[in-house]
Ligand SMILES: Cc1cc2nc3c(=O)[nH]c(=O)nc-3n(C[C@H](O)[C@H](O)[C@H](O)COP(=O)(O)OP(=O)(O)OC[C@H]3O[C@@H](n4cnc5c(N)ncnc54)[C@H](O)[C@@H]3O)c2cc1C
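Quick heads-up: it's one chain on its own, the form predicted alone, in structure tokens.
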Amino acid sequence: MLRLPRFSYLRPGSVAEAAQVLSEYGSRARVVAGGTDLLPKMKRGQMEPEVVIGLGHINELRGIRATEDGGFEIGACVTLSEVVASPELRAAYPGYVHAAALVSTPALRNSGTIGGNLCVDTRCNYYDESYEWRKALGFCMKKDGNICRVAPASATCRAIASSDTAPAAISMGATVVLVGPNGQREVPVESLYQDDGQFYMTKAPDEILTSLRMPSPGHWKSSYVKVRNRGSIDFPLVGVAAAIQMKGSLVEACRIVITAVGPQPLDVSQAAGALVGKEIDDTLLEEVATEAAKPARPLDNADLSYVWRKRMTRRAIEQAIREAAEVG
């Protein structure tokens, strides 16, 4: 049986205090809310913090609030189940809510938070194993080693993005609020990530994600399509978020974001330009999906063949655009 290692648990009274404590301990500390990602990784020796800083009890990180611009601000410690249960969010952002509903299982959605899912660790079949397995094979670049096992010639880790809600939030132009010892800043969700599976987030180590700000949906309608082995539990093998504006039967604008095909979600909306001003038909949709899938670079570090995942990226893009248009 895998057991948690010894660690100290701190319970700060506010976000500002939590950020200060995180800054003091540096790389020796991790923050935790639902713990659905951190705690299993601590058991497997993938993360080894000396100090764990609890956030789930801090009231300022909870709640779903309507904003003056017609959007919503969602506290980072709001659970995925609370997002799914919100009729206001479901009406405004069907793609984002559907993505939240597809994360893992009901029990884990009851604990897992929207902030945690945005920050969820990248994954790889060579990394997501027990300590003994990784030691026997030889450690990888992401933890304790100096080589990427799936791409030995790569200078960076190629573990893949695994958040379902991130691409959906990006497709709606969402931002996040980050709080650190030096104050607060707001950045687009897309800018949180970079093309490195080991250092996949751009936020400072002593910053805490405190909320997700979704702008007014306006006339945007959205969808999310997830490809995975089973109908629950599993991480995405491919994920596609689409947002679309329609005027009658004609497309006015379309955004496409794909995930699980590289270390960061990819905005491939430029490929949707061919749809603007036209009706959606099978031929045009296949052309757009083929173009949008070109940046996808799946490798042999997740379940099933990377060739199959590349092919399914195109099909998932087609499906996501169709579903978003039908919502509209």
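Numbering starts at 1 and runs along the sequence shown. As the structure is a computational prediction, the values presented were derived from the model and not from experiment.
In what follows, reference is made to the form predicted in complex with the ligand, a form of this protein that is not presented.
For the three residues R30, S104 and S162, a heavy atom within 4.5 Å of the ligand turns up in the model of the complex in every case.
Contact annotation: V189 falls outside 4.5 Å of the ligand in the model of the complex, judged by heavy atom distances.
Taking the partner from the other structure, the ligand in the model of the complex has a heavy atom within 4.5 Å of a heavy atom of I233. Of the heavy atoms in D37, some are within 4.5 Å of the ligand in the model of the complex. In the model of the complex, I170 stays away from the ligand, with no heavy atom inside 4.5 Å.
Remark: of stretches 214-222, 201-209, 241-249, 180-188, the one touching the ligand in the model of the complex is 201-209 (heavy atom within 4.5 Å). Of the residues V261, A289, L55, A302, just one reaches the ligand in the model of the complex with a heavy atom at 4.5 Å or closer; this is L55. For the stretch 109-125, the set of residues having any non-hydrogen atom within 4.5 angstroms of the ligand in the model of the complex comprises S111, G112, T113, G115, G116, N117, C119, V120, in sequence order.
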